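As structure tokens, one chain now follows by itself in the form predicted alone.
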């Protein structure tokens, strides 16, 4: 992999680690994995229109995040329930729109040569997510602890929740090329869960989650090149190994 590909991998993994910390704190563990499947209809439509599938995935994820936020806000139904309904619909529509081979590539990822514009947009997206999380981290924590206290402190909780869902959707879109729809949610959740086992405060949790996500991504890519195996599963295998290692540290 060239330098631009390495930079994009690191940026994507760092964004996933940071967003994952708040996804874990918001108890969106299962919802996070399901949300990535919302990209399927966008990929199918993009392929039918002969547009880059990454753009279709991004559009579908952002639209799905806005839809989930709108339904949750109007009905009061939990995020996990709304995501589950949208996920099921997206999976069905995506399966209808994509052929068998295209669907496998979308589900498991299809790494290849990245264009210059893909690298540029990917790095900008990773930077945007990273800046958002770091700038809004205190407001995000306060809204998790108590939405009412956050509102009385001047935090626009509903708008912040929408911004977080959009940042989450953008993070998922960044990693679809490497891990696909099935595995990208895992890269968001597992490093953050690993960090939660060993970190003593939010700063440590950020640092550990980013370190686990980036080293697992780079390590998985190196193993894939040496073993001639798919990249995504190896990245998640390395990440999961780090998680089980953190359980031992937690016991001590």
Partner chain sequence: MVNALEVERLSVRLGAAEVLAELDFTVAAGSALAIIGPNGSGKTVLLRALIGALPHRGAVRWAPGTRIGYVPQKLDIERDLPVTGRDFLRARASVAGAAPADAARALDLVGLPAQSAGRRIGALSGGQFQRLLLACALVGRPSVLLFDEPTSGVDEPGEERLYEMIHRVQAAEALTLLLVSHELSVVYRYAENVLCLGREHRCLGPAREILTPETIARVYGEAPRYHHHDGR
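Positions refer to the first chain, counted from 1. Computed from a predicted model, the values in this text were never measured in an experiment.
Just so it is clear, the following notes concern the form predicted together with its partner chain, a form of the same protein that is not shown.
Partner contacts here mean any heavy atom within 4.5 Å of its partner chain in the predicted complex, and among 166-174, 121-129, 83-91, 136-144 they occur only in 136-144. Contact annotation: residue 97 falls outside 4.5 Å of its partner chain in the predicted complex, judged by heavy atom distances. Shown alone here, residue 155 lies within 4.5 Å of its partner chain in the predicted complex, counting heavy atoms only. In the predicted complex, residue 50 stays away from its partner chain, with no heavy atom inside 4.5 Å. Taking non-hydrogen atoms only, residue 202 approaches its partner chain to within 4.5 angstroms in the predicted complex. Of all the residues from 206-239, none has a non-hydrogen atom no more than 4.5 Å from its partner chain in the predicted complex.
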